[in-house]
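This document starts with one chain, in the form predicted on its own, laid out as structure tokens.
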Amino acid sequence: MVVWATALLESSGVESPRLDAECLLASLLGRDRLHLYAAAEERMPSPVFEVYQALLGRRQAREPLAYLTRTKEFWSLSFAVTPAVLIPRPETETLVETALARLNELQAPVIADIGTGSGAIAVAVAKALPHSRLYATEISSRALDVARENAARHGVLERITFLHGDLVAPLLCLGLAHHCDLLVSNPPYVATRELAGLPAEVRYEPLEALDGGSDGLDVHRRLISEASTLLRPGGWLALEMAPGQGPSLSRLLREQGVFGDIEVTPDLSGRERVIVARCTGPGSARSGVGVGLRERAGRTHGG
């Protein structure tokens, strides 16, 4: 069965036909890929075979494997994904690593994940920092449902407050001005003119999570402009970006006049991937407010 499916996908130009054929079958049967070999001689019931055929057809049409299996690994964790969210990618782990490196001296950091999508970044950070409190915003209610599912799956739902709304606005409404130690985001960063040239698989993903405007930096500009309203003095802003956007983003950060320690970090392939900066501007002192914020967050969970 797998040999036949592999040949089918290979004939359509799918890059990893054997792996994809195995993953689809394993997902359909609820088994580990290794267990497929032990059951290679088993006869597949006709209804199951028909579903498998349909999945293979969708993969031939370049629908992403993660949407067909409804799962994707990120930060060594398994995340539910649907067409409502961007598929988590290995390069975004660089953003998580960069964020964690800026928080390792804080006992109970307050973190904002803007445009959380599947919740992969927020969940990964929450798992790595058991005493952290996170707030995750998302303009898509369907994406928020997926993010909540993932937080529950990994046992961190009680420490992440999910908020529906545009960028930082829901957090300001919650009273978090100048109380965050870190603002992290993987904003859309593909220039509009480049969308048509993306791989066929990527074009299945939500356009609003990809389209960054004429130069790919529309959302970055808004985040850089608004971040200092959330960050405490000394807090960090960490943004994912496309290779080549570092100089423009560094200039935007400098022009704000409230950011220093600007640094561009490459991903594992050596390509520019994350820009990070420290907020040096004025903000409210955090002493005496941490406990109150955490108590209020517990009451507003899932807002």
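Numbers follow the displayed sequence, beginning with 1. Because the structure is a prediction, the values reported are computed rather than measured.
Heads up, the form predicted together with glutamine (GLN) isn't pictured, but that's what we're talking about next.
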property	result
Interface stretch in the predicted bound form with glutamine (GLN) - options 109 to 117, 136 to 144, 183 to 191, 152 to 160, non-hydrogen atom within 4.5 Å	183 to 191
Listed residue that, although glutamine (GLN) is not shown, lies within 4.5 Å of it in the predicted bound form (heavy atoms), from Glu91, Asp218, Glu226, Glu201	Glu91
Listed residue (Ala209, Ala80, Leu103, Leu174) with a non-hydrogen atom within 4.5 angstroms of glutamine (GLN) in the predicted bound form	Ala209
Contact flag, Leu86 vs glutamine (GLN) in the predicted bound form, heavy atom cut 4.5 Å	yes
Residues of stretch 228 to 256 in contact with glutamine (GLN) in the predicted bound form (4.5 Å, non-hydrogen atom)	Glu240
